[in-house]
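Read the single chain below, which is given as C-alpha cells and is the form predicted on its own.
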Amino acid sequence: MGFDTVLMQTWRIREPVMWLCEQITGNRKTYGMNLIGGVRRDITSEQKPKILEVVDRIEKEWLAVIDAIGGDTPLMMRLKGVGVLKHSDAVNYCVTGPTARGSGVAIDSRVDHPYCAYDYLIPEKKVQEGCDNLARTLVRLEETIESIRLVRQGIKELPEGPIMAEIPEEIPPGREGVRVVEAPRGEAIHYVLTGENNRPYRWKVRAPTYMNLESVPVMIQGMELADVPIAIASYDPCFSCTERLEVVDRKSGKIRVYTNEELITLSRKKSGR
C-alpha cells in the first residue's frame, strides 16, 4: 500500500538518519545510549553541523511526501474512512500515542507529564479529528516535522557539562519508582522496585500496544477483510511488547511461578552457557 508514495520513500529518507545514529552512538538501531543517571556519550561539536545538515534534508523530502499523499487516489481509498476508531471509543479503551491523537484525543506524556528536557523542549501536540487510518497516518507525518524542530532547538540550546549524575551512595532496597514516557507508539510506563546489592528487585513495563490492541475489535468492525491488515498496521502494533506467559499444569490447572534462580538456570541451559 502506497509503495512509491509512502513506504519506499520513508525507507529511503530514513537511511541518512541511520547513518547519523551510527556515527553518534556506534549502532544503527539499538543505541544503548540511556543509562541510569544520564547517557553513555555526549554529542561533539563536530557532530552538530552534520546533524543539522541531515535534518534539513529530511525535512525537505518529508514535506514532499506529505504533499504527495493527498494526490494518491488508491492510497486515499485505503486510508480515508477506513479503520474508524471514534473519539468516544478511543477514550473508553484508553488508547495512547498517535492512535489516540488520530481520534482527537490530545494526550502526549512529554507535554502532560514533562520529564528529562521536555520542560525546555516543549512538543506541539499533533491531533487529527478524522479517527481513521488517514488521521493516524497524518499524525505521524506531522510529528516527524515537529521532531525535526525539537532536534534543531535541542542542538542549539544543548548545555555543556557532565552527561552522568553522580550517585555515590548505594540505593537502598524497597524504593519504588514509576515513570510515564512517550514512546513512538504512545505511553510506556515503567515501574521499578529496588532490591539488595544496588540492583532492581522488580521491573515492570506497560508498553503502549497493550492498550492500543484492545481497540482493534471496534476499529475493524464491519470492515472488508482486505482492509483489516491496514487498520491494524495503522496503529503500529508491537506484539512482542504485549506477550504475557503463564505456565499452567494441564492436569491440576495450577499456575506455576518460576523463581529468579530457576529462570537463570533455564536461560543458561537454553543458551548453552
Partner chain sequence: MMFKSKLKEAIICFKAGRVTMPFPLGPELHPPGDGFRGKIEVDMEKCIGCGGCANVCPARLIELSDSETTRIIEYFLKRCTYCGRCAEVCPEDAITMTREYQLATNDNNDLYIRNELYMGTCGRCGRCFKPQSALDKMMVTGFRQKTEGK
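Note that the structure is predicted; figures quoted are calculated from it, not measured. Positions refer to the first chain, counted from 1.
Separately, the form predicted in complex with its partner chain exists; it is not shown, and the next lines address it.
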Inset, instruction - Sort through 203-211, 219-227, 30-38, 232-240 and report the only stretch with a non-hydrogen atom within 4.5 Å of its partner chain in the model of the complex. - result: 30-38
Legend entry - Sole residue of Gly71, Pro162, Pro159, Gly174 within 4.5 Å of its partner chain in the model of the complex, by heavy atom: Gly71
Inset, instruction - Using a 4.5 Å heavy atom cut-off, state whether Arg12 contacts its partner chain in the model of the complex. - result: yes
Inset, instruction - With heavy atoms only and a cut-off of 4.5 Å, decide whether Trp19 touches its partner chain in the model of the complex. - result: yes
Inset, instruction - Consider Glu246 of the chain shown here, and say whether it contacts its partner chain in the model of the complex, taking contact as heavy atoms within 4.5 Å. - result: no
Inset, instruction - Please run the contact check for Ala64 against its partner chain in the model of the complex: heavy atoms, 4.5 angstroms, yes or no? - result: yes
Inset, instruction - Using heavy atoms and a 4.5 Å cut-off, decide whether Pro123, Ser215 and Lys254 all contact its partner chain in the model of the complex. - result: no
Inset, instruction - Enumerate the residues of 217-238 that have a non-hydrogen atom within 4.5 Å of its partner chain in the model of the complex, in sequence order, or give none. - result: none
